[in-house]
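Below you'll find only one chain, the form predicted on its own, shown as structure tokens.
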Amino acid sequence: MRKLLTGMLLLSLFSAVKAQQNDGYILPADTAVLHKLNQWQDLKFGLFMHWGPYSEWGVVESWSLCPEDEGWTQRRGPYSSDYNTYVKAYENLQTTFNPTHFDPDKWVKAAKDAGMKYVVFTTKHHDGFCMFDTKQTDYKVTSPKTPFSANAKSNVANEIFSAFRKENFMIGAYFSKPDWHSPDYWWPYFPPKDRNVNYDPAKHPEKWQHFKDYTYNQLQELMTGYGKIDILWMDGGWVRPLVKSDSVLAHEMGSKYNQDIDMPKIAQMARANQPGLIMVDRAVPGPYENYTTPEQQVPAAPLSHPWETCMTMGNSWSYVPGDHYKPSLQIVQLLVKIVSRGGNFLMNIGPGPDGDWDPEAYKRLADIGRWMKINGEGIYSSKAVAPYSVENIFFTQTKEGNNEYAFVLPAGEDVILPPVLSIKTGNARKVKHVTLLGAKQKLKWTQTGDGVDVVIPKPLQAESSGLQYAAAFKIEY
């Protein structure tokens, strides 16, 4: 059975290889990785969390430390007028970080009820503060300098991974390759100039080797001491071998130095300890970017390789007091649009300094969960199918291809259907049955040359029908 499954996986993915070669994507050669990648693509909806001492100030995660003049790097607050004073105060947040309301089981329940199936947690962001019990630095949540270290749940990453794993979530560890706290990345001898290493690794190979060893050792800790890990989600794509390219990405990264941290060695170690590990070396096309991660956007068309939109529930990745959270309508419709293009939706919620989410986040998840319980069969284990969308109707298909789902997206929260709904699937296969998920009424329908016309019962045409956010019609062939 395993050999048959592997063969089917290779066959299903082989058809896209030609296109993938054109966009820099390289299909994993390891069949265990292919198998897990296929499982991950079926999950569709995941939880992302950015969290660290920066939540105490309610500021952007890490980026206010970066000496670049960008909108997201601006310093704010009483220490903002002087860079060195600001950095010292920022790093001193470690001494007051004490999120005593931290309860990962509460998060698991809310995420599971919302229909989420995997989690990615920030074990370390660019500021270098570790939310796990690393032995490589004292700049961590379990340090005696950190008040929360006295708490039984102080090894935050381990607590989160264990809690979600018990409920069969796929587990992802976010890890920043750059580390702005490390003296071997931002060497105190020089001031930092931008997001990149502040010295030439070619001129100081021993110092760069120290940083490579530091990175490798931290990743080894995560791959050996935190149970089964399914995804290693690495951020900071400018830490990479020097690429002489005129691409927009290379220009934005702005690095003139070779920042090679030896990904082949890291991958060999990681997969020796975590067989089948999905690796996501963001923005570095090649063998270690097993899926791509468009940020805060939904591709207009399906991509030729596995992908995931990562997007915030609020406006910010990290906790900001009074943040504006996206309406449940918008979140559900984003999920439908992403899945109709063949992607996954990784939605971020930033915990606050007390260790809990904003109550609004729980409300959104509860709304999404009610919708998913009715319509999830058209989301999970689905694939993109042409024409993908026609006006406000978006399509998905079962992997076997015997059923399609047509999601009608309204302008407001309530779905108000017309007397006759024309669903233009674009195919002429013989339709056996049409139903509306969550509705008891039997539907009359007529097959047309490019789809079906569905007669909508009067109760379902009313605002009081109970249909919210998106209505899913199941078309069986």
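Here the structure is a predicted model, which is why all the values come from computation and not from measurement. Numbering starts at 1 and follows the sequence shown.
FYI, the form predicted in complex with a small molecule isn't displayed, but the following is about it.
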*Kindly confirm or deny that 341, 377 and 473 each have some heavy atom within 4.5 angstroms of the small molecule in the model of the complex.*
no
*One stretch from 416-424, 48-56, 443-451, 28-36 that, in the model of the complex, holds residues within 4.5 Å of the small molecule by heavy atom*: 48-56
*Does at least one non-hydrogen atom of residue 235 fall within 4.5 angstroms of the small molecule in the model of the complex?*
yes
*Does residue 282 reach the small molecule in the model of the complex, with heavy atoms at most 4.5 Å apart?*
yes
*Please run the contact check for residue 310 against the small molecule in the model of the complex: heavy atoms, 4.5 angstroms, yes or no?*
yes
*Should residue 364 be classed as touching the small molecule in the model of the complex when contacts are defined as heavy atoms within 4.5 Å?*
no
*So which of 295, 356, 194, 262 gets a non-hydrogen atom within 4.5 Å of the small molecule in the model of the complex?*
295
*Of 394, 317, 132, 107, the one that lies within 4.5 Å of the small molecule in the model of the complex (heavy atoms)*: 317
